[in-house]
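Only one chain comes next, encoded as structure tokens, the form predicted on its own.
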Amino acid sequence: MKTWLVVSAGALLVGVAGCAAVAVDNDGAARGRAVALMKGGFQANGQATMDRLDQDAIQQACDGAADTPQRTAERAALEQQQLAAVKFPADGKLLGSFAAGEKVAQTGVGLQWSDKAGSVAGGNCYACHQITKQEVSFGNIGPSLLQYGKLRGSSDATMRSTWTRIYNAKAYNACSNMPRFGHKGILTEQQIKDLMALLFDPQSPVNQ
């Protein structure tokens, strides 16, 4: 038992030291090694391709770098780029069916190697949010969305802001953990409309 504790403590120290090294890695060498390690350990499988390991500019801007005035300004500029790329429905209608939206929120399949290519993806919203009182299993990474529309109202500004957050949350927070559902083509325009209805329709279980 004592030997095991010594080995475990030593391993812990090595791990902590490794984390510290990454934190002060200013030349990107440690990150480069980590990326190379990941790419060497994974392989493409069906629709799960290796390009998922490639970060775009806004992901890189939030990748463990210390906050500095320059970094903050860079992130703000990237947020504006993401905001400018948000697409709203051409027909001007932001709400679909809240019943269909609940199905999107409940569905966690799609775009994984084990899913049939071309299958409809879901939002898996309950993995991060509490949405309805009826659902007892949900995550808490994101805020509760209970009574979302009832509490916020349905002004044009609120509706467009919510659409933007679903379409691409990084338009408001460069380092948001929320998937860029519209920006990355995870959900269709109609699916986002249905999620909007789930949040805003007075008859939706969200607002009961």
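Not measured: the values here are computed from a predicted model. Residue positions are given as counts along the sequence shown, with the first one as 1.
Below: the form predicted together with a small molecule, not depicted.
Within 4.5 Å of the small molecule in the model of the complex, do we find a heavy atom from each of 152, 177 and 181? All three within 4.5 Å in the model of the complex.
Can you work out whether residue 38 and the small molecule are in contact in the model of the complex, taking contact to mean some heavy atom pair no more than 4.5 Å apart? Looking in the model of the complex, residue contacts with the small molecule do not include residue 38, since no heavy atom lies within 4.5 Å.
Look up in the model of the complex whether residue 147 has a non-hydrogen atom within 4.5 angstroms of the small molecule, and give yes or no. Close contact is absent here: in the model of the complex, residue 147 is far from the small molecule, nothing within 4.5 Å, heavy atoms only.
So in the model of the complex, does any heavy atom of residue 141 sit within 4.5 Å of the small molecule? Yes, residue 141 is a contact residue.
Is residue 75 one of the residues lying within 4.5 Å of the small molecule in the model of the complex, judged by heavy atom distances? Residue 75: no, not in contact with the small molecule in the model of the complex.
So which stretch, 157-165, 30-38, 66-74, 47-55, is the one near the small molecule in the model of the complex (non-hydrogen atoms, 4.5 Å)? Only one stretch qualifies here: 157-165.
Consider the chain as shown here, without its partner, and state which of 112, 97, 81, 124 has a heavy atom within 4.5 Å of the small molecule in the model of the complex. Selected option: 124.
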